[in-house]
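Next comes just one chain, in structure tokens: the form predicted alone.
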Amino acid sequence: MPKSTRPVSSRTLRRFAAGDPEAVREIYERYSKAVFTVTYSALRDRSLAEEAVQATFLQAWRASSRFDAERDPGPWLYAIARRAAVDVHRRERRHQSREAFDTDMAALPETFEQTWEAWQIRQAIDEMPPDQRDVIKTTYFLGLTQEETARKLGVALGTVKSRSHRAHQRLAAMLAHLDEATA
């Protein structure tokens, strides 16, 4: 039976709960691909997902004394992986927000009306479904082409185009009041 489908022995689980580094390695060999799937599905970026996998197993090792050796470690590891992916995502979002802020400083609105309109646009984008919001932010705020956006988000070019189309329709509807204010 291949290692990836072989259940982990109760002896290995007890050694893991005791903090044995060799048992941690065995758990890693058995669960790392599944944990990667969890982190990649959340982050959609291979290098960030790999970072979250490492964080998952480090946190698991640190918490191994609290692990119940009578239970399957899979669900426990997957819960840690989801939290690790969220942590990585938040860190990246803060980093990207600072970059976007630095970029946006060059294009600050000059009047109160422009400031209000910019705030309305930002608020509308933040209220969009995540898939549409990501396409808008990546193409407009990061300045990527649709092809580059597709690679960055890990989706097909056609998906980026359809999400962009729906996002623009949604934004037009959400911001229709701005046209009425200037008319």
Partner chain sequence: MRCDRARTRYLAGDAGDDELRHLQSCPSCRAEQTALDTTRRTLADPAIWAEPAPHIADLVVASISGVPPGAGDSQPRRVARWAGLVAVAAAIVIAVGVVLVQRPPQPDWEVAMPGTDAAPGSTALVKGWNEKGGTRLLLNVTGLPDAPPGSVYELWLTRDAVHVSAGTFTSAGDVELWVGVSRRDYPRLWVTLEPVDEDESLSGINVMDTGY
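Positions refer to the first chain, counted from 1. All values reported here derive from a predicted model rather than from experimental measurement. Here the rigid core means the biggest group of C-alpha atoms that line up within 1.5 Å when the two forms are laid on top of each other.
Keep in mind that the form predicted together with the partner chain is not shown, yet the notes after this line are about it.
**Q** Taking the partner chain as it sits in the predicted bound form, is Arg44 near enough to touch it, meaning that at least one heavy atom pair lies within 4.5 angstroms?
**A** Flag for Arg44 set to yes.
**Q** Hey, in the predicted bound form, does Ser10 get a heavy atom within 4.5 angstroms of the partner chain?
**A** Looking in the predicted bound form, residue contacts with the partner chain do not include Ser10, since no heavy atom lies within 4.5 Å.
**Q** Taking 4.5 angstroms as the cut-off for heavy atoms, does Ala150 touch the partner chain in the predicted bound form?
**A** Judged by the heavy-atom cut-off of 4.5 Å, Ala150 is well away from the partner chain in the predicted bound form.
**Q** Hey, in the predicted bound form, does Arg14 get a heavy atom within 4.5 angstroms of the partner chain?
**A** Taking the distances in the predicted bound form, the answer for Arg14 is no, it never comes within 4.5 Å of the partner chain.
**Q** With the partner chain taken in the predicted bound form, which residues across 7-27 come within 4.5 angstroms through any non-hydrogen atom?
**A** The stretch 7-27, when checked against the partner chain in the predicted bound form, contributes Gly19, Pro21, Val24, Arg25 at the 4.5 Å heavy-atom cut-off.
**Q** Does the distance between the two CA positions of Ile136 reach 2 Å or more between the shown form and the other one, the core being superposed?
**A** True for Ile136: a C-alpha shift of 2 Å or more.
**Q** Align on the rigid core first; then say whether the Cα of Gln146 has moved by at least 2 Å between the shown form and the other one.
**A** Yes, shifts by 2 Å or more.
**Q** Do you see a C-alpha shift of 2 Å or more at Arg15 between the shown form and the other one, with the core held fixed?
**A** It does not reach a 2 Å shift.
**Q** Mind checking the CA-CA distance of Thr37 and Ile136 in the predicted bound form? It differs by 3 Å or more from this form, so is it closer or farther?
**A** Here the pair is farther apart than in the predicted bound form; there, closer.
**Q** Kindly indicate if, in the predicted bound form, the C-alpha atoms of Asp131 and Ala34 are closer or farther apart than in the structure shown, bearing in mind the change is 3 Å or more.
**A** Closer together, which means the C-alphas of Asp131 and Ala34 are at least 3 Å nearer in the predicted bound form.
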